[in-house]
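In the block that follows, a single chain appears as structure tokens, in the form predicted on its own.
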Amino acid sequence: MRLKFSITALLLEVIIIVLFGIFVEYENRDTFLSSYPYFQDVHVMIFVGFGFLMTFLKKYGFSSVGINMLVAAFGLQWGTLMQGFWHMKGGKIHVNIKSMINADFSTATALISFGAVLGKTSPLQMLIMTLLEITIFACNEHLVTKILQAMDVGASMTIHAFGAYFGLAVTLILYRPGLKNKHENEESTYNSDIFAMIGTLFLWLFWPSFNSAIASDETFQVKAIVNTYYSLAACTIITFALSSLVDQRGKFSMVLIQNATLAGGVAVGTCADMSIHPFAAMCIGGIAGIISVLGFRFLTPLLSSKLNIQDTCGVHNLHGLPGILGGIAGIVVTAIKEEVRQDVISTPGMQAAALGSTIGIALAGGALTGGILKLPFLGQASDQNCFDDSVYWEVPEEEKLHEIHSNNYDEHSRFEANM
């Protein structure tokens, strides 16, 4: 298994380096240098935010952060190529700060899907999934933004909905009957939930940059920042309120606070730079919080038991449903008021077509990818080895040493008792 992964990883990197050597060159004059702070914020979200958000599993923290880094590092290179091939000038892909932001965006789709299959796939499978998903993502993004000419500045549809439904389709095809009854390692601890909350805070703080990074000018960037800021705030209050309300003992759920508080950033993404009042952004954020909380509470168990969709991180509730809400919000806003970007007038029909095509392509692409990942030679972990770092990582022996110490202490106590 390790030989297959090492050879595949090295081969893919060599191919990428060769392709960069042939096709990629610097932009002669980078007119997007002012976007560097936005790039840095998005970059932190990709590597720190997404990575730590998935550390909630008690024995899968190394893989959550480590494989997240592997996927992100590979994905941003592959994303540069796949997106660049659609925008070549003179047979070359010109890279600059903005193309780096878009490469991170393409990586985000794979990391969202990673959440759906977290703990159940091998590093080799994740590399293959990232390769295929980013390729399909680049095609869908070109369809949405260039052919349909729909608006989606914060990528509620093209990143969040796409990544979620792609991942759900993959996990459906990779369904494991042996995990229908919850695995003993598929739970959190006090410390693992604190680490996951670090990811939530990074994502929450930097989400305004994510939604505004590729806005066409500063005026639209300011709108996107303000609307995202207030949408997240409203979503957070609603999430805390509902978290207490849906619990039988009236207590907060860390799972909901880690995830549903971010749904407002997802949902407002499509119309973040449109002519909406902060009041509307707050309404969108509040509705997103409600949908996400109820999804975690009622829909996730239903999907698992009835449709065999084992969504480890609940990406359907954080990215899928809020992403659809964002697409619908874009349809409504463009129906109420005309929105123009770079001499293109967006219509409700364009927005609806973009949402529908994105979900359709994500489901079809995810199903195809899941079928490929199911091939035996890719080395899927056995059911009993799921959600366990020790399968792929050198893990400190602290727990084993603690167990030995406890056993020795018990034997010593029994000896003294006999004396």
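Fair warning: this is a prediction, and the values are worked out from it, not measured in the lab. Note that residue numbering begins at 1 and tracks the sequence as displayed.
We do not show the form predicted together with another copy of the chain, though everything after this point is about it.
In summary, among the residues 349, 178, 301, 250, the only one with a non-hydrogen atom within 4.5 Å of another copy of the chain in the predicted complex is 250. Among 130, 227, 317, 158, the residue placing a heavy atom within 4.5 Å of another copy of the chain in the predicted complex is 227.
Under a 4.5 angstroms non-hydrogen atom cutoff, another copy of the chain in the predicted complex lacks residue 86 among its neighbouring residues.
For the chain shown alone, residue 120 is not a contact residue for another copy of the chain in the predicted complex, no non-hydrogen atom being within 4.5 angstroms. Another copy of the chain is not shown here, and in the predicted complex it never comes within 4.5 Å of any heavy atom of residue 54. Of the heavy atoms in residue 67, some are within 4.5 Å of another copy of the chain in the predicted complex. Only one segment in the set 144-152, 168-176, 318-326, 215-223 has residues whose heavy atoms sit within 4.5 Å of another copy of the chain in the predicted complex; it is 215-223. The partner is not shown here, but in the predicted complex the stretch 61-78 reaches within 4.5 angstroms of another copy of the chain through a heavy atom at 61, 62, 65, 66, 67, 69, 70, 73, 74, 76, 77.
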